[in-house]
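Take a look at this single chain in structure tokens; it is the form predicted on its own.
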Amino acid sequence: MSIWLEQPGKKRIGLMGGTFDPVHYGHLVAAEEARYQFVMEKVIFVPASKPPHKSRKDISTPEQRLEMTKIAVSTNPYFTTSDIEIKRAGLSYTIDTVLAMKQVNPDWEIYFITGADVILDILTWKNIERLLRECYFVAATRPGFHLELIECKLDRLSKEALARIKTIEVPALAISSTNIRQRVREDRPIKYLLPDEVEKFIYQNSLYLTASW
């Protein structure tokens, strides 16, 4: 288990950002593995209100996605949720969220947890150079993922910026929200891909019954 601290005296906090439409075991396993490896005090799941990189027009409502996320994390005492992006008007940019949280909690050392596929596109994110100064990234990868892809794709970043991107391997990342939505539309089972109570919420609210493109 990792025990080092980048900034001694700071509280190491994980932020798990995403659309969470729906949240599933891949998200939960990645967050727990990151919490364990980087000795985080807690992981905060932050559902995006209006994701700037999503082209889908039928994303579930922010309130529905927040509720599913609350249900999913309720059994882990180290997990919690935040509605900071849902309350904020406009598109949900990670830099805005990180700066807002650090302003209220200046003793936080923030680690933003996301998938390696997302990391490969971070050059398109708002104020990415500043974001990499304000927080660290934890890129959750599937087994067999070639880490060289990250350095190759992000070669425009400085060595200092690249050093702030950590990686962890998470087998459960084979699960995807896209596949779950497709399985619901095709009336195929989604049990064991996500928590039972989230599955129940999806069917009770008739989510994902129409195509997402």
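Just count from 1 along the sequence shown to find any residue number. Only a predicted model underlies this, so the values are computations on that prediction, with no experimental measurement involved.
What comes next is about the form predicted together with adenosine-5'-triphosphate (ATP), which is not displayed.
Looking at S158, Q182, Q37, S176, which is the one with a non-hydrogen atom within 4.5 Å of adenosine-5'-triphosphate (ATP) in the predicted bound form? Flagged contact: S176.
Just one of L99, I128, V118, I71 has a heavy atom within 4.5 Å of adenosine-5'-triphosphate (ATP) in the predicted bound form. Which one? Exactly one listed residue reaches within 4.5 Å, namely V118.
Residue-level question: is S82 within 4.5 Å of adenosine-5'-triphosphate (ATP) in the predicted bound form, judged on heavy atoms? No, no contact at 4.5 Å.
Indicate whether G18 is a 4.5 Å heavy atom neighbour of adenosine-5'-triphosphate (ATP) in the predicted bound form. Contact with adenosine-5'-triphosphate (ATP), yes.
Can you work out whether A30 and adenosine-5'-triphosphate (ATP) are in contact in the predicted bound form, taking contact to mean some heavy atom pair no more than 4.5 Å apart? A30: contacts adenosine-5'-triphosphate (ATP) in the predicted bound form.
Contact with adenosine-5'-triphosphate (ATP) in the predicted bound form for R133, defined as at least one heavy atom pair within 4.5 Å: yes or no? Output for R133 is no: heavy atoms all beyond 4.5 Å of adenosine-5'-triphosphate (ATP).
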